[in-house]
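A lone chain, given as structure tokens: the form predicted alone.
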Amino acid sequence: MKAYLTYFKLKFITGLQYRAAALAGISTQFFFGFVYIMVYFAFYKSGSGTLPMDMSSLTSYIWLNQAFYALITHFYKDNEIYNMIKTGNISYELIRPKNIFYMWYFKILGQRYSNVLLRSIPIIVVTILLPEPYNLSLPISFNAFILSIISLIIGSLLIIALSTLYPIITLLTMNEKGVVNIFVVIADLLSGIIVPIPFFPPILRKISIFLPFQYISDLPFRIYVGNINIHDGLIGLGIQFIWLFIIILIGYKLMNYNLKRVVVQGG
């Protein structure tokens, strides 16, 4: 475990050095946050019947999505790992006395955590200070706040497990485009990043219940704003643990399966 934590530490420290990229990311998240809020304001003012979230909760939900976007989005690519696969340098990884799945998992974990640390704090601080109704509201309760943090941590471990699956698939396809990109688009849509899950048509809401994506960010953020109560939040927490175990097991088994059949190209 100590060796894998070293991979995490190295990627985390390296990621903290990219402050210019973080500033660009912060500006982008602010831009999209205000655009989303304006669009929903117009939608709400049109009086389109009964709505699943009040505007204050929705605004907070949007800002939380933007603050933690670098952590929760499926549109993530670790070029170092993909280049390693394409050039054949993965052969150097194979001779290390470590499990490659966990090596990649902790590398991606360190990179993602460093990215979100640089971006989330400034966005949260600024959006809390914004005037109503454009601000990030305080959590609905202390219990909801604690539960949302726990849920977000588990959700982050789940998205890392899913992100580790993509290069594993690339071991077979030799290209991260195609299947992986299609999967990423569907995953981002069903995770509530683009449109919150409560606004989905009934059939899509039912489908999303049986998939892991909404348990990455939608669950913790809706607990935070009070759209999901504590009881249902605890149930969701249990489902998160189940999905985390399933995805890690799939990734571990699929990696071992692929490594028995891997063909090194280039080098």
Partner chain sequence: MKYYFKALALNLKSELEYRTSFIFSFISQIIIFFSYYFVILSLFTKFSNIKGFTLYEVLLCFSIVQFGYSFNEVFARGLDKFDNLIIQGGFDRLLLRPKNIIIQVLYNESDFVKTSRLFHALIILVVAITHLNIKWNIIKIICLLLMMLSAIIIFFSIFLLAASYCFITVQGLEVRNVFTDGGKHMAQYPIGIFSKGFIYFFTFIIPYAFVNYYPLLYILGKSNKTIYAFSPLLLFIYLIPCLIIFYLGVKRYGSVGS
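Bear in mind the structure is a predicted one, so any value in this text is a computation, not a measurement. Residue numbers count along the first chain shown, from 1.
Keep in mind the form predicted together with the partner chain is missing from the figure; the text below concerns it.
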| property | result |
| --- | --- |
| Residue 56: touches the partner chain in the predicted bound form, heavy atom cutoff 4.5 angstroms | no |
| Partner contact for residue 24 in the predicted bound form: the partner chain, 4.5 angstroms, heavy atom | yes |
| Heavy atom of residue 210 within 4.5 Å of the partner chain in the predicted bound form | no |
| 4.5 Å heavy atom contact, residue 69 to the partner chain in the predicted bound form | no |
| Listed residue that, although the partner chain is not shown, lies within 4.5 Å of it in the predicted bound form (heavy atoms), from 153, 189, 169, 121 | 189 |
| Partner-proximal stretch of 104 to 112, 145 to 153, 78 to 86, 179 to 187 relative to the partner chain in the predicted bound form, 4.5 angstroms, heavy atom | 179 to 187 |
| Heavy atom contacts to the partner chain in the predicted bound form at 4.5 Å, residues of 197 to 211 in sequence order | 198, 199, 200, 201, 204 |
